[in-house]
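Given next, in structure tokens, is a single chain: the form predicted alone.
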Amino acid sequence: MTDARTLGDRQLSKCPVSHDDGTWNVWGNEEARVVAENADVFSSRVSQHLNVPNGMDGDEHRRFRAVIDRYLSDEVILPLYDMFEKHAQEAYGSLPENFDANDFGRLVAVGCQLDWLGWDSSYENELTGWIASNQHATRSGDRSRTKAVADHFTEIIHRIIADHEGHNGDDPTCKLMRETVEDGDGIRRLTMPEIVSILRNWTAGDLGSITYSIGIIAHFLATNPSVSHQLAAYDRADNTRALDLALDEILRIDDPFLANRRITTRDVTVAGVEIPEGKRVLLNWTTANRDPRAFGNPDAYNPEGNASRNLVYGAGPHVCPGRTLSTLELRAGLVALLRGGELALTSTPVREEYPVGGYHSVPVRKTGVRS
């Protein structure tokens, strides 16, 4: 087996679009952007299960995306940063001198989500354990295991909703249970399956992505001390824009969110490759973010120069609505690592193998000293 990043680099070196076992893989940066921005031809309605709003198209997607955007706007999310930073600092302080950066990532991911959504802290251990179970199931490729883990998460969501029933709170979970959506010429309340789907999308994928992202960030800091020093200086100067650009670039170099699915609504040609109607298309974000045609040397760190072609958060109508939320969670984790002093690898990190991205483990040591 091969890790997803190496596999993608190899495939892209052969062609930007390939066909394998009934699926058309889009590897190139420009090609991925074309597919993502052409939602009429490349539909997101790829699953028989309700997926709000990721699995919707057209006006249906627009109506439900409007609901999501009310909760994830900068105006709503930016004031949460101090809470996220406090949690990340406390989580980092609780770790021993030697630790796995992914363990820190799990603590940040779960703590920030609990803080944001108004979920009781009693769920922390269960959700932290769920992240590990989900990673093991995905790694196995066993669909029965992945289904069991998904069903467990749905059961957690139902319990959390039950906790909030009858409350008139201002946290996102309580508000979502009173939320409405456009429907024809009027509006209606969200159904329970729609509420469950939204909460799943807000948490299930993000918990794993934030975990792996922080592992990648820690590895980058430990192996790029000059950039680490530069970022520490940005933190001291409160230059949050530079920190956020750095986060985007670190994750462009090593994007743990591998791919999204689409299905064609008509015959179409991409990069000279004909894709018939009704066929599965896989947008390989990790590889598209390492396309030498877009970035030159894909491993070269260039936050400003590469920003316009960075697809870490996708593109088109389905671009990630939670970009600001994720960025603040990641910045909180980054700042905690920077303020903790230098990081040093204690042994060779182990990469995950396809179909999982990022690192399986990133063993590091706090030095407590920053020159």
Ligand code: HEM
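Values in this document were obtained by computation on a predicted structure and should not be read as measured data. For every residue, the number given is its place in the sequence shown, counted from 1.
Although it is not shown, the form predicted in complex with the ligand is what the next lines describe.
Proximity to the ligand in the model of the complex, taken as heavy atoms within 4.5 Å, picks out 200-208 from the listed stretches 172-180, 200-208, 223-231, 141-149.
Interface residue among 307, 50, 319, 344, judged by heavy atoms within 4.5 Å of the ligand in the model of the complex: 319. In summary, among the residues 340, 314, 28, 303, the only one with a non-hydrogen atom within 4.5 Å of the ligand in the model of the complex is 314. Although the partner is absent from the chain shown here, 65, 113 and 326 each have a heavy atom within 4.5 Å of the ligand in the model of the complex. Contact check for residue 72: a heavy atom falls within 4.5 Å of the ligand in the model of the complex.
The closest heavy atom approach of residue 252 to the ligand in the model of the complex falls outside 4.5 Å.
Heavy atoms of residue 61 reach within 4.5 Å of the ligand in the model of the complex, making it an interface residue.
The closest non-hydrogen atom of residue 285 lies within 4.5 Å of the ligand in the model of the complex. If you take 226-247 and check each residue for a heavy atom within 4.5 Å of the ligand in the model of the complex, you get nothing at all.
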